[in-house]
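What follows are structure tokens for two forms of the same protein chain, given separately as structure 1 and structure 2.
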Structure 1
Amino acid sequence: MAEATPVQIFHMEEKRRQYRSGGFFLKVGLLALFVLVPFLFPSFKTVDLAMQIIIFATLVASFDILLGYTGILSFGHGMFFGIGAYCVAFLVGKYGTPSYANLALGFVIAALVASVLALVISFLSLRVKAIFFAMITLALAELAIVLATKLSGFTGGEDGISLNMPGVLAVSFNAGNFLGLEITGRILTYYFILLACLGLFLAMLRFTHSPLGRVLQAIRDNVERAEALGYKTFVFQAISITFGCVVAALVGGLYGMWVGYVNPESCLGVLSIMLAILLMCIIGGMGTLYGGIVGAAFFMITETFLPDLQHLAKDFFPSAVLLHNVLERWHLVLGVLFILVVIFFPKGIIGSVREFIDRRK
């Protein structure tokens, strides 16, 4: 048997160090926490919060492939999220019966529509640079909202579409108790989405760490130099956009499964979805993928619990009228927190922490 080359030995040692590092155990612990959430915190609010973090962390990671790894700013990423949600809703809600085949077909159609539309947008819009591409995608996103609202006979309009899950994923399903937890269709849906999002996240990690991902980072850093090396930057950018958009569409279908309802504002809204994605990506750190988890957790936790601070302030400080007025406008507090994160973590939380650790080495 041939001896390993120095390069192979280096890679083997790198893998061993990777699986012994603190970061690896932190990731395993985080995954274990999401697995145990229904057992440790069985309330609907907590489980729903955990699910929202999982879904949006995966969605933000798919957006980070475009922005953080390829340097492409797209305001149309939320549109693909909505396309995925609507495709699944059409098959198991408005135009189809709840069945596993229709559910799977909804995801397949979502991936196909997203890939075709992403390729069309790439070939029509990548010829323009920077802000012009962002404006084109923003216009397309606004067009999608208008179409989803006006074509009410097809999309349900502002009334939206309700989804009914098949078999063990149905809300009415109940398999009894396990370790004190009632195994309902809602809990099984939680674990199905968790497993699906884990698979998508691992696929994105493989994508970014592949030779293709390295080329995308080279294009992000210097397009002219990448072209001088012989890479067809247009093709690589189109692949990046298509892959990220397909993942976003699949995540949108998972989101539709969880909430059981889709409408233009909840799935296609530029302010409600796209702005949240952008903020989460900036908070967590661009070009990290894992920043999506931190950004989604920060945004979702603050958005969930900040409104409750007003009630706590009234209970503990009944005479502090100014404090009550400030907490009543909790979006202002969220904005202040976002500004503080940007000031103290200019590269996002994960990016700044990595930079600090690299300096200490």
Structure 2
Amino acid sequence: MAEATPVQIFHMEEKRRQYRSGGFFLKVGLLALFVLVPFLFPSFKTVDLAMQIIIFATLVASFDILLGYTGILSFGHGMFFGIGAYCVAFLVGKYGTPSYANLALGFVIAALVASVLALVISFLSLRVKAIFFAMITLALAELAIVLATKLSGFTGGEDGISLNMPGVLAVSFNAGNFLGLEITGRILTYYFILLACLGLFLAMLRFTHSPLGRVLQAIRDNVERAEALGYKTFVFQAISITFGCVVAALVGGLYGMWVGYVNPESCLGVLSIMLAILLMCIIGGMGTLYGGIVGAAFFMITETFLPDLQHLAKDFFPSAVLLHNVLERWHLVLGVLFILVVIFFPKGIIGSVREFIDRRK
């Protein structure tokens, strides 16, 4: 075999470093934890929490493809998520019978709709200014909610749509006991979604490390230079945006499978889903993909245990009225945290930790 080129050597070394580093074991350990959650903590609350973290971590990573890797801020990511959820819900809920084929078709349609819409939005807004993307996606996201609510004959309106899963994924399915765990349809759905999210996450990692991904980062860092080098920045940005949005739609479909129910507020809401995505991405750290896991975990765990925290505060500090008020208005805390992170730690938790480790070396 011919001698390796410098680029190949670089890649080989990079790979070797990857598998030896502590970060690699952390990632494997994290994956193992998610795999074992149903066995270790079989309560519904914990499994649901783990699932939500997995789903949102993947969703935030797909948002990060746009924000962190392409430098494009979208307020329509929640909308793509919702489109995915609705597409799957139409196929196995409102308009189709629960079958594997319909489920798969739902995901295919979700991806198609998302890619067409993302391309159209990119074409409309990127021609002028990148900030138009934020404005237009915000407008379209609001429009999507209005349409989903008003066109109730088609979308089920405010009441939403219930999903029924086919075969082994159905809630009623039960395969008996395995290592002390009831293998129900829910558990199988959990593993199915975990596997799908892992696949999507690896695809995104691959995407960001591909030559295409590196060009994107060059564009993000310096548009003029990338243009001067002869890259059609618009095309690259559009591809990246479309990829991120398709992943978001697929994740939306998975979310629909898990919660078994979609409605405008829970799937399309700018102030519910979109806000959560943004907070998770910024707090976790943009431009890292892994930031999404940290952000989602932080956000989901605090949201889940917030009521407990409020009770705890009332029990232990009954006189601290301010503390109670602050905990009542949890978004206020998150908002302030968000601003502080943007000002002082623009790289988020992951980015700042990485910087800290690099500096200690």
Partner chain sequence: MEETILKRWSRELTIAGAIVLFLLPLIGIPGKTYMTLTIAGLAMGMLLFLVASGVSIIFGLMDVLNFAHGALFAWGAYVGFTVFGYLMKWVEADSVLQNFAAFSLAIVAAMVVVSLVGIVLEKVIVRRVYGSHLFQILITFGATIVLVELIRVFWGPNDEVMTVPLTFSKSWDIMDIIINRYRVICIAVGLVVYGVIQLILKKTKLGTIVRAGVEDRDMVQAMGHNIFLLFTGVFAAGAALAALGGLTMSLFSLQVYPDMGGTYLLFAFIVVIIGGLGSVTGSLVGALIVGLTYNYVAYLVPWAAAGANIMIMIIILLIRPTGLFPVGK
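By rigid core we mean the largest C-alpha set that fits within 1.5 Å across both forms. Structure 1's sequence is the ruler for residue numbers, which start at 1. Computed from a predicted model, the values in this text were never measured in an experiment.
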Label of the structure corresponding to the form predicted together with its partner chain | 2
Examine residue 335 after superposing the rigid core and state whether its CA is displaced by 2 Å or more between structures 1 and 2.
-> yes
Determine, after fitting the two forms on their core, whether residue 39 shows a C-alpha shift of 2 Å or more between structures 1 and 2.
-> no
After fitting the core, residue 304 CA displacement of 2 Å or more between structures 1 and 2 | no
Where the rigid core has been superposed, how far does the Cα of residue 313 end up moving between structures 1 and 2, given in Å?
-> 3.9
What's the distance in angstrom the Cα of residue 344 travels between structures 1 and 2, core superposed?
-> 7.0
